[in-house]
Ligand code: FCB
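A lone chain, given as structure tokens: the form predicted on its own.
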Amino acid sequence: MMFPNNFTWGVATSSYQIEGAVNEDGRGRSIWDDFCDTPGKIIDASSGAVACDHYHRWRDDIALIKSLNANAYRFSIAWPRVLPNGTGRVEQRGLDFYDKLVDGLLEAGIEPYATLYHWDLPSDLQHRGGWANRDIAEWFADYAALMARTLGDRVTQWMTINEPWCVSFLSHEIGEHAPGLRDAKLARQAAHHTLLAHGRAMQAVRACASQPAKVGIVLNYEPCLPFDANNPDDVEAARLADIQDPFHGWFTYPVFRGYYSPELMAQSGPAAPNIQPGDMAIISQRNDFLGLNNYTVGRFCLKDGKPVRVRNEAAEYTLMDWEVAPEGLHSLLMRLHAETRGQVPLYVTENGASFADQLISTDGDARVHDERRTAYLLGHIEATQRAIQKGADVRGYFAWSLMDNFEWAKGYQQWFGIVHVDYATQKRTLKDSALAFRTLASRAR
């Protein structure tokens, strides 16, 4: 597979999932610390208190990334590590950690891609209303300005908020993620505030970084596909489902069109978000790129004139019970290329699969033969290449994840890493998928 010479080959992680050290060097509590302490919220009653101990092992992890021939690393900054209360007092030891991480990456020839928010909101801000409080847009902008002043002389690639759908709907209406609320109105208001915060953070980073900064948002998607592409009814079902798709209607539309889906706003009724004059202009200002996260698709049939999601029994499914469908990523890239009129570069910022792995040791040589994950990654990378060949402006691909880690409410019962982690010893072992990524990243450049 051939890619442009300047194509970005990266791996991705997030702070709470790998850093550990939750009580060290002045870090404040996050909503995920609180959520993990609540009985019944995490499937195996675990937490990210230690996770992959990246806070202490970052040097080794940089060497690991370099060994994969990756030329980029997407990481997230833990808001409570640098601002323990979310606002006010700055924790210099937290800033020092990310300073050293960025310097280490650059010394290794790896470009840092910094995500400002990957879900670990400071607990004190949640006590003040969290994402349901409109003031959070300014709190987040102040935090973004702090990080841009600290790292903006070296970091030029910035991502504001990761998957605002998860921040709002999954966390405030479905209740599966922290803070675990179930309120439709709250979820829609949180969605609006995440986008408002995104817009204000873009302004802050551009104003405070000492080097020209490229700033964008990261949205997650599950493309709506027909159960049978040769069946006109199924094709129509997918079209109707797409009209009601919250990933586009609540996030892509406002960011790139300046308005929410009229259909979704009408369906929301009294739960629709409160929008103040000028909000949509802030939300829809120019993004330097769009990061997209994709793992699976939704399949649809038509029943009584309405789209119904159905299971594709002929397909392979991951341990998360997600259908493996590389064609979904291809269609998504082409859709977003058209949606942004080809004027906004695209990055696949997360793509990967969880499968149960087995560490095999032979004569002291440890290996993980993860054929299914390897096939998943190669299939989706090939789908990315086909989209590029058809004209989509895709600048990079980040495999999720660099290593096995704390998988939120699933605890340590899911394995997305291309590197195996023995949590008892913290030993890292390259899986076959990592070897395949290393080879491809080298040959494709």
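Predicted model only: the values in this text are computed from it and were never measured. All residue numbers are counted from 1 along the displayed sequence.
Note that the form predicted in complex with the named molecule isn't included here; everything after this is about it.
Student: Does the named molecule get within 4.5 angstroms of any non-hydrogen atom of residue 370 in the predicted complex?
Tutor: No.
Student: Any chance residue 81 has a heavy atom within 4.5 Å of the named molecule in the predicted complex?
Tutor: No, residue 81 stays farther than 4.5 Å from the named molecule in the predicted complex.
Student: Taking 4.5 angstroms as the cut-off for heavy atoms, does residue 247 touch the named molecule in the predicted complex?
Tutor: The answer is no: residue 247 has no heavy atom within 4.5 Å of the named molecule.
Student: Closest heavy atom of residue 295 to the named molecule in the predicted complex, within 4.5 Å or not?
Tutor: Yes, contact at 4.5 Å.
Student: The chain here is shown without the named molecule. Which stretch in 100-108, 157-165, 256-264, 283-291 comes within 4.5 angstroms of it in the predicted complex, by heavy atom distance?
Tutor: Heavy atoms within 4.5 Å of the named molecule in the predicted complex occur in 157-165.
Student: Heavy atom within 4.5 Å of the named molecule in the predicted complex: which of 118, 172, 193, 337 fits that? Just give me the one.
Tutor: By the 4.5 Å criterion, the partner-contacting residue is 118.
Student: Just to make sure I understand: among 395-409, which residues lie within 4.5 Å of the named molecule in the predicted complex, judging by heavy atoms?
Tutor: Heavy-atom contacts within 4.5 Å come from 400, 407, 408.
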